[in-house]
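Here you get one chain, nothing else, as structure tokens; it is the form predicted alone.
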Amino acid sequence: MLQPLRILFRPKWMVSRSSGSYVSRMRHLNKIKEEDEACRAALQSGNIFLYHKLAPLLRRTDSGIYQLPALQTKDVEEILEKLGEDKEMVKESILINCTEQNEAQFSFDVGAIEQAAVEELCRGTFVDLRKAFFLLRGSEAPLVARGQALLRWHQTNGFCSSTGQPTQRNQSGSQRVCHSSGITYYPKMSPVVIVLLSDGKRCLLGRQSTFPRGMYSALAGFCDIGETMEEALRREIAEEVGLEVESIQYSGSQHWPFPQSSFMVACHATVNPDKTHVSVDKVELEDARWFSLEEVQEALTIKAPPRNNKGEPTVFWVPPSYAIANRLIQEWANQQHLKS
């Protein structure tokens, strides 16, 4: 019998700002999202994060720390002019968010311009997003992921699926419209359930063949049309590793930009400790196995992909701290530590 999910929102900390300031910021964000003129004005005083073919621009500080540089609109316009491009291109920027100071934040892809030339003028480097997750601070990772997801959506939704005619975006990029059919398209995310399975003493982790060497993660799968999250979770576990889930507990959620903008719903689940034989579906997974608390704790200390030198044993490690899979693994380890 499945246990019900715990309450989806339960405050665990006090908000440092007043609720009024948050409401004001959200209403300001909605205004510039929906009103073209308000968005154009916000762009002139806002900040832009640059991408080149969906790879974000990062800048390394003197201390060796990588940061996500926020460029002012006028600076981006100047860069475009120096490279012989029309500065009006900056109007193609996509609204991402706004800061607590109500400064709008945008993403802008300069993939049509020579990469090295932009990097030189910006004093930075365009880095693949997966690698960027290991280099950025936690607060910057969600921002850069959201920016890339929105840029990707616009690049792949330029035509109406009903008429085949070009769609037109509004200024903020929050929607695209086919004026021939009148259909409005909005950015979408695909629901995915991700689960850390436990038999009470061990946790089950798996890997796909596309994962970096040695990396194991929580099991995940897309929800089918008409399924509840619980149904999708039970089905995925049965399909991928041949186990039957007994209980489920909700942990949290996260936007994940791979493969193309997923909405991750994270849960812990348990199986009967007497029924733990794993039967891996080799179409879905390369491997899946049970890990002890000691193995997991050691893996959590690895903060960057290990080198795994030739001839040496492959090092077991887990996804970076920004990934919600890491959170699930850390929560399980903390719970096991408390039990012992």
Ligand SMILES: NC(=O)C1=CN([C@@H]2O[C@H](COP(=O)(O)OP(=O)(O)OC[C@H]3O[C@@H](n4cnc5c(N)ncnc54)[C@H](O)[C@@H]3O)[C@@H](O)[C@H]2O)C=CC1
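Numbers follow the displayed sequence, beginning with 1. This is a predicted model, so every value here is computed, not measured.
The next section is about a form of this same protein that is not shown, the form predicted together with the named molecule.
Listed residues Thr73, Gln105, Gln254, Gln171 were compared with the named molecule in the model of the complex; Gln254 is the one with a heavy atom within 4.5 Å. Distance criterion of 4.5 Å from any heavy atom to the named molecule in the model of the complex singles out Glu284 from the list Asp287, Glu295, Glu35, Glu284. For the chain shown alone, Val318 is not a contact residue for the named molecule in the model of the complex, no non-hydrogen atom being within 4.5 angstroms. Within 4.5 Å of some heavy atom of the named molecule in the model of the complex lies at least one heavy atom of Ser217.
Using a 4.5 Å cutoff between non-hydrogen atoms, Thr167 does not count as a contact of the named molecule in the model of the complex. The named molecule in the model of the complex comes within 4.5 Å of a heavy atom belonging to Phe222.
The chain is drawn here without the named molecule; in the model of the complex, the stretch among 120-128, 179-187, 96-104, 232-240 whose residues come within 4.5 Å of it by any heavy atom is 232-240.
In the model of the complex, Ser190, Val192, Ile194, Gln208 are the residues of 175-210 with at least one heavy atom within 4.5 Å of the named molecule, listed from first to last.
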